[in-house]
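A single chain comes next, written as structure tokens; it is the form predicted alone.
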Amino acid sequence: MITKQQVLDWLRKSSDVLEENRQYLTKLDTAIGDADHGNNMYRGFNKVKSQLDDHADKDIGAILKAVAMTLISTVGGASGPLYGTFFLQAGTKMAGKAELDGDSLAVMFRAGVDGVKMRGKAQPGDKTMIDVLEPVAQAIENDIKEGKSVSDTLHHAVEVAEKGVADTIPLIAKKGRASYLGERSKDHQDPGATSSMMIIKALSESVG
């Protein structure tokens, strides 16, 4: 089971890792975007972190919805609405829950990822965060169905996410600012896929 405390730990750890990698994410975004992804993600999740104590008495669904509202209002560019949609849809599915079992984890991720796909109109292969999120959602669903523990499922999700990031490098961007570059977007790692991987890794580390 994933406890509410572990969810709070996940969000704090996500903020910390995005702060540590702020310059790295900005460097990735400088090559194919607006050079603001690192700063935007830091600003949004730092605000999330500062508000977590105020939400600690709420259920997991309400916490995730509060995260969504904060990200939408503080993260610039496309990342705010997309990450906000992920947490909003995930939170809606987890309403009233004080802890998450494997099935809940799978439902939460699928709802979040489908929300992002609908909002951003991206599919795997478009060189976006979906190149990480979609295979991770599928891996979580498959692993839980096979009876793997939540911990093992999340460890595997990290491996899938890391592969998804690497797989964006040879792709030509079809969505977002990077798509304006056409062929020149090849051989660059997608910053949104990278930040998604970092957040998934933070969840795995928080659950243990």
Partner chain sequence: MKKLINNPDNVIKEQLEGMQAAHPDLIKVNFEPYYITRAGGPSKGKVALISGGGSGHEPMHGGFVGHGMLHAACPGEIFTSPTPDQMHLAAKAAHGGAGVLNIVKNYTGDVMNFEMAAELAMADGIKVQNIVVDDDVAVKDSLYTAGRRGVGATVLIEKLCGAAAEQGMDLEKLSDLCRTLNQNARSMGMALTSCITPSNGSASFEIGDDEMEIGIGIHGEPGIERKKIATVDEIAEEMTVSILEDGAYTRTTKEWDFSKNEWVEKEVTDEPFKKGDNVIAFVNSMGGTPVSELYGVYRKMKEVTDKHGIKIVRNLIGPYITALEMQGCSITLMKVSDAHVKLWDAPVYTPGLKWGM
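Just so it is clear, the model here is predicted, and its values are computed rather than measured. Residue numbers count along the first chain shown, from 1.
Absent from the display: the form predicted in complex with its partner chain. The rest refers to it.
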Interface residue in the model of the complex among 55, 163, 174, 156, criterion: non-hydrogen atom within 4.5 angstroms of its partner chain: 174
Per-stretch contact check against its partner chain in the model of the complex, the hit in 57-65, 25-33, 163-171, 140-148 (non-hydrogen atom, 4.5 angstroms): 25-33
Heavy atom of residue 100 within 4.5 Å of its partner chain in the model of the complex: no
Residue 51, heavy atom within 4.5 angstroms of its partner chain in the model of the complex: no
In the model of the complex, residue 125 touching its partner chain (heavy atom, 4.5 Å): no
Heavy atom of residue 120 within 4.5 Å of its partner chain in the model of the complex: yes
Heavy atom contacts to its partner chain in the model of the complex at 4.5 Å, residues of 79-102 in sequence order: 81, 82, 85
